[in-house]
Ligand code: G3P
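Take a look at this single chain, the form predicted alone, given in structure tokens.
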């Protein structure tokens, strides 16, 4: 059965990458949540998608140019401003503390595609270990070097390679790097491509699946996890 994860939480109806969105995804029955993590100026793990604050918060400029205390002052309510009160940017530890006793998984995307954030892999691994969530976490990134570093630092953590392109021989590529999961955009999953990936025994976790028809088609393909903004499809 294809599992359903909340993309940045229940981001279709609540402010993305906030504790509120993650709580609402779990309350809605999602099998897990997906989030994005970066470093603040003072080396704290903060949960936010963009490298800049402008789109989703009341702040301006780059995330990495502010300390955690400064970032906490910005409202991350995005397009839901005024509907759900003030929603601060959470830390990864805030979210994992909430998830620690939940029967659900957390997909942590390392936002190392623009800024590599030296040392972020070790910091994330340590945070996951702190909350004893090694068996309920998936680490992913578009920066495949970052994932290779994570695999070396924390071989006990499940990892996946993100792509947003039509990668030829994706299954062979991921298998040869000894990574157990592949995370492509869902529209890049034809039956033929899916079969090539599956022949290597890889887990396929795809994004961003917001329509039930698309979710049903992915179920038929045997996709493992569908990540979407509305994690409420009946299964």
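Positions refer to the first chain, counted from 1. Since we're looking at a predicted model, the values are computed, not measured.
Heads up, the form predicted together with the named molecule isn't pictured, but that's what we're talking about next.
Interface membership of residue 109, defined by any non-hydrogen atom within 4.5 Å of the named molecule in the model of the complex, is confirmed. Of the heavy atoms in residue 86, none are within 4.5 Å of the named molecule in the model of the complex. The named molecule in the model of the complex is approached by residue 207, whose closest heavy atom lies within 4.5 angstroms of it. Residue contact check for residue 115: none of its heavy atoms lie within 4.5 Å of the named molecule in the model of the complex. Note that among 33 to 41, 65 to 73, 194 to 202, 169 to 177, the stretch whose heavy atoms approach the named molecule to within 4.5 Å in the model of the complex is 33 to 41. The single contact residue among 157, 127, 162, 105, judged by any heavy atom lying within 4.5 Å of the named molecule in the model of the complex, is 162. Applying a 4.5 Å heavy atom cutoff to the named molecule in the model of the complex picks out no residue from 169 to 199.
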